[in-house]
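Only one chain is shown below, in structure tokens, and it's the form predicted alone.
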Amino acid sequence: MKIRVINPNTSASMTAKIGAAAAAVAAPGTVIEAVQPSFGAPSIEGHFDEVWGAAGVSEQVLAGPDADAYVIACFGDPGLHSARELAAGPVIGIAEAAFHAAALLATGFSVVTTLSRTCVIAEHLVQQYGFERRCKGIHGTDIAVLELEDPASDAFRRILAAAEHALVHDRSGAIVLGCAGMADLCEALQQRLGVPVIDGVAAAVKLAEALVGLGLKTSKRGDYAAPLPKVFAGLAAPFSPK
């Protein structure tokens, strides 16, 4: 089984970190192919960044048609529906995967994410996926995505403090990490907090493996049918559906 794990930003070091997190939980025989777009933003921290990230996800789905499943490794799940139009196999966004996993482990969960401005994007996803009653709060740490790789940012301590506050303030029973760049902190946070801490990258990989193992693929009936053939203009010309 091959799972193509797509980091929608252009940070090679973060792609490597995400790939390592995915490989760490993959079953024997599962090949993790961690990739990133050839264009776009170095980090995704707003709606404008996300537009380019979504286009980059589509590029990387088209570039890997032999994958059995795809994981979108950004908590905004950019380009999820477009990718499902393009792909035959399952496409899992890490936010949707993490919400489902958390809801199976606790009656309520809290999200701890990076910049406070992205909390609104996470709120939109909670509503879109129907988890309004299970998500008890979304908390920004005001750590920039790329600062997660800088020891001077004191990211672990700040995320731990936000998670401790969330558990008490929200009366929640689990923590969802709201950025793929936090994947390497998951185990240590869980040990310190004493509650389930869900990294969406790991959750998405295991869900993808399960769906492929069940012989299930993305439905091609209705809105996830293949894009209609047409000629795109300008920068989009190379992506014209055939």
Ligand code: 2AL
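Please read all numbers here as calculations on a predicted model, not as lab measurements. When you see a residue number, it is the position in the sequence shown, counting from 1.
We do not show the form predicted together with the named molecule, though everything after this point is about it.
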property	result
Exercise: Thr118 in contact with the named molecule in the predicted bound form, heavy atom 4.5 Å	yes
Non-hydrogen atom contact Cys74 with the named molecule in the predicted bound form at 4.5 angstroms	yes
Partner contact for Ser43 in the predicted bound form: the named molecule, 4.5 angstroms, heavy atom	yes
Gly53: touches the named molecule in the predicted bound form, heavy atom cutoff 4.5 angstroms	no
Option from 24-32, 173-181, 192-200, 59-67 whose residues, in the predicted bound form, bring a heavy atom within 4.5 Å of the named molecule	173-181
Listed residue that, although the named molecule is not shown, lies within 4.5 Å of it in the predicted bound form (heavy atoms), from Val145, Ala97, Ala163, Ala87	Val145
Heavy atom distance at most 4.5 Å to the named molecule in the predicted bound form, all of Gln36, Ser82 and Val91	no
Any residue of 1-39 that, in the predicted bound form, places a heavy atom within 4.5 Å of the named molecule	Asn9, Met14
